[in-house]
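Quick setup: one chain, the form predicted on its own, written in C-alpha cells, and binding and motion questions come after.
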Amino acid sequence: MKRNFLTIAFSLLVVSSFGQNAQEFVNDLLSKMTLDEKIGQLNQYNGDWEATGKITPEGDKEKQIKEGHVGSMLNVMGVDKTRKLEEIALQSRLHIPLIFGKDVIHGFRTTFPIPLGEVASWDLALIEKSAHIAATEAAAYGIHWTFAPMVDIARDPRWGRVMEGAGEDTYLGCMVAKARVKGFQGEGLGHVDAVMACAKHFAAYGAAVGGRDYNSVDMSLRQLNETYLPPFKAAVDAGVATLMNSFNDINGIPATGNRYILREKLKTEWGFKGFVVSDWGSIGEMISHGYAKDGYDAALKAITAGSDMDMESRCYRDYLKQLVSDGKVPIAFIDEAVKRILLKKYELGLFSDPYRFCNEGREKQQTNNQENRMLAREIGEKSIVLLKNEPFNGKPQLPLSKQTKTIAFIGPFVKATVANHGFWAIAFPDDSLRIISQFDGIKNQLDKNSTLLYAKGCNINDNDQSGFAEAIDAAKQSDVAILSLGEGYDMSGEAKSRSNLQFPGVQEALLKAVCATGKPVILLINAGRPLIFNWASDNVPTIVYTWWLGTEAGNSIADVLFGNYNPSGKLPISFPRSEGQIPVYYNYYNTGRPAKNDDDKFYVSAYIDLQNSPKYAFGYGLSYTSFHIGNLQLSSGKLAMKGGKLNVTVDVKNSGNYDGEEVVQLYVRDLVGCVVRPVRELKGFQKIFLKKGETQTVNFCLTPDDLKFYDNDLQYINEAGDYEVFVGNSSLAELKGHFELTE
C-alpha cells in the first residue's frame, strides 16, 4: 500500500512538471525547498556496510533521509537495499530521491584487470567496453554513480594508487579518460545500462611528495596545467557527470578548498555543468591540513571554493545554515550546488521513476553474465605485457606447448582466487568459486597426458623457507617451471604506499633456488604497480607481467602462455631500476648538462652508481612475432600554424612467424621553446593486427593544436620553429623525421 502511495505522489510531481525542461523543473523544485532541505542535498552518508575512510558515528540515518536531510548514499548496493532507502527518501516533504554511489573501479560482478593493467592493452575500444559492462552490472544492482575513472597522472610507483589510473603520460591519460567516461555513461544518463562517472582526484593527487598517499603536492602552475589537469579537461569534454576532490594540497591550498582549480578552472573556464563531491571526509580534513580553524571554517572554505557535496565529514550539515545566517556564505552558493545535484537526479530519470534502477530481473540477469566474462578474458589477454622471451637452450620458452610433458607451477599466487581481483574490486560471497585461478587456467588447457605439479614454495611476505624443498623437487621433475611471484593484491591501492618495490618476503630467494636447478623458468609477475626485480630481469630468460587480471585471470594467462593469444601489451608507465631513481619517466627535460647515454657520468646529470634509463621503458612490450617499422614519410617539411595538417606515415611489417598485434607510437620533440620542452611527447598511437608476412601503412595526422603548450604566463600557445618526430613501438623509437611549424 505504501509503495502505491509513493508512486501516486511521484506521478503528481512529474505531472506538475510536464512541459518543463530540466532547468525549469529544477528551479521550480528549488523554490519550494527550505534551507535545511537544500543543505540536505549536499550531504552524503556511507551505508555502514563498508567504508573507505573512518566512519563517523551517526544517529538515525533513516530518520534524516525521511526528513530530506540526505542527498546521497554510498556503499549501498543491491535492489532490495536501494529500494528500501529510496522509499524512505520519497516520504520526505518534497519526495526528492537519493543517489546511490559506489567505487566501481574495474568491474562489478565481472572484474576486469586493474586499471593500470587494462591501459597496458592500449585498446581504447575495449577499455570503453569494459567500463560500459561495469556500468551495466552496477546499475542492475541499484547503483547510479561510480567514483571512477581515476585520471591522475602518476610518475611515482611508490604511490599505491598508481594501480587505479592510466600511468605517467598525459596524452594517453586523456584518451583513456574519455574512453572510460563514455563507457560508464553509455548513451546518456537515464539509460538503465549507464551510471554517472566521476573523474578523480581533482587535482594532481598522483604527484604526492615521496609517493606517500594523502601527501602534499608542490609544483608550478605551468606543470599543473600542462601535465596534470588535461585528463580532467578531457573527461569534462566527454561529458563526465561529476568530479571528486583530491586529498592533497596544491602549493599550500587543499584541493577541496582550492578556488583556482574548482571555480576558476573547472566551473568557469571549462564550463563544467556537473557537480563536485569531496573525497571521504576531505572537507573536515582541511582542519588537519592547518588550512581551516574548525568545521565552521572548513565548510566556509569548501563551499566558497566550489565543492558541492560533502562526503562523510558532516561539515555542511552542521555549519552551512549558520554560515548563511551569519552572512558568511551567500545563499546563491548553496542554490548553485543544489541545482547541480538536482539536475543530475533529473537526468538519471529518478524524478520520473525513482525505482528505475531497482529491477530484480536485471539484477539476476547481470549476476553471472557469461558474455561479460568472455570480454574480461579477452581484455586480460591484451593487458599482459611480455617483458622477456629470450632463448633457453637455443629456443624461447613461449609460447609453451600444451603437450609439454611435465610443468611445475610454483609460487604463492598459483592457486589464489580472490587475489586475482586486485585492489578496488567489489566483494561477493561466491568470489572464490567464480574466479579462475592461474592453476586452473593452465590445467584446463594442458594436454590430458601432461602433468601439472604444484608447490606453493613460500608465502607472500614473510621469511619462511620451509616450502623451498618441495618447490625445488617439483622443478627438478619438470620440463619447465612456471613461477608466479609478486606483491600481494592488497599491497597496492589506497593507503598502500611502499618505499621498497622489490619482491616481498623470500620470493626472490625462491626464484634463485628454482633457477639453480638448471630447468627453464617462466616468471609471472603479479602486481598493481611497477616492481623492481633486477636479478630476475638479468637472469631469467622469460618474464611475463600479468598485473591483476580479474575474474578470468587464469584463463587469460593460459591463453597467452600457450599461444592462443599473441601478447601485445605495452607498458603505460616506466619501470625503475631502483627506488632511488624515482620518479623516472620518458618525457623529462633535457637539462643544460644532459648525459649522452647511460655510461656518460662526467659532470652531467647522472647517477654515479646507476644508469639514468628505466629498466623497462614506457610503451615497451614484446610479442611472439617481430615487427619491422620503416619507410618514415612526412607529407611536407612544413606545418602551417593556421589550419595546417601534416601526415606522418610508416610501413609496418610482421616479419616473424606468428600473427599478432602491434602498437605503433608517434612522439614529437619541440627543439627550441620559450620554456624548456620534454625530450619527446606521445602524440598518437594505433594498434594494428598483421598476419605473418603482412605489411600495412600506418598514417598519423599532426595539427598545430597537437604542438601547443603552456608558456610561463599560462597562455596555451604553439610556437613557430623546428620539431622532430619519432615513430616506433616504444618511447625509445629511433625512426626520426624533421619538420618546421611556420607562421
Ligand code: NOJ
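The structure presented is a predicted model; accordingly, all values stated were derived computationally and were not measured. A residue's number is simply how far along the shown sequence it sits, counting from 1.
There is another form of this protein, the form predicted in complex with the ligand, and it is not shown here; the text below is about that form.
Novice: Just to confirm, with a 4.5 Å cut-off on non-hydrogen atoms, which of R377, H132, K200, K265 contacts the ligand in the predicted bound form?
Specialist: The residue in contact is K200.
Novice: So which of W122, F503, W424, F232 reaches within 4.5 angstroms of the ligand in the predicted bound form, heavy atom to heavy atom?
Specialist: Partner contact (heavy atom, 4.5 Å) among the options: W424.
Novice: Hey, with the ligand in the predicted bound form, do E381, I436 and D559 all fall inside the 4.5 Å heavy atom range?
Specialist: Answer is no for this spot.
Novice: Taking the partner as it appears in the predicted bound form, which of 634-642, 606-614, 361-369, 239-247 has residues with heavy atoms within 4.5 Å of the ligand?
Specialist: Heavy atoms within 4.5 Å of the ligand in the predicted bound form occur in 239-247.
Novice: Just to confirm, D279 within 4.5 Å of the ligand in the predicted bound form by heavy atoms?
Specialist: The answer is yes: D279 has a heavy atom within 4.5 Å of the ligand.
Novice: In the predicted bound form, does F147 have a heavy atom within 4.5 Å of the ligand?
Specialist: Yes, F147 sits close enough to the ligand in the predicted bound form that at least one of its heavy atoms falls within 4.5 Å.
Novice: I'd like to check something about H106: if you look in the predicted bound form, is any of its heavy atoms closer than or equal to 4.5 Å to a heavy atom of the ligand?
Specialist: Taking the distances in the predicted bound form, the answer for H106 is no, it never comes within 4.5 Å of the ligand.
Novice: Looking at the partner-bound form in the predicted bound form, is L74 within 4.5 Å of the ligand by any heavy atom?
Specialist: Contact with the ligand, yes.
Novice: For the stretch 294-318, return the residues whose heavy atoms include at least one within 4.5 Å of the ligand in the predicted bound form, in the order they occur.
Specialist: Sequence-ordered list has one entry, M311.
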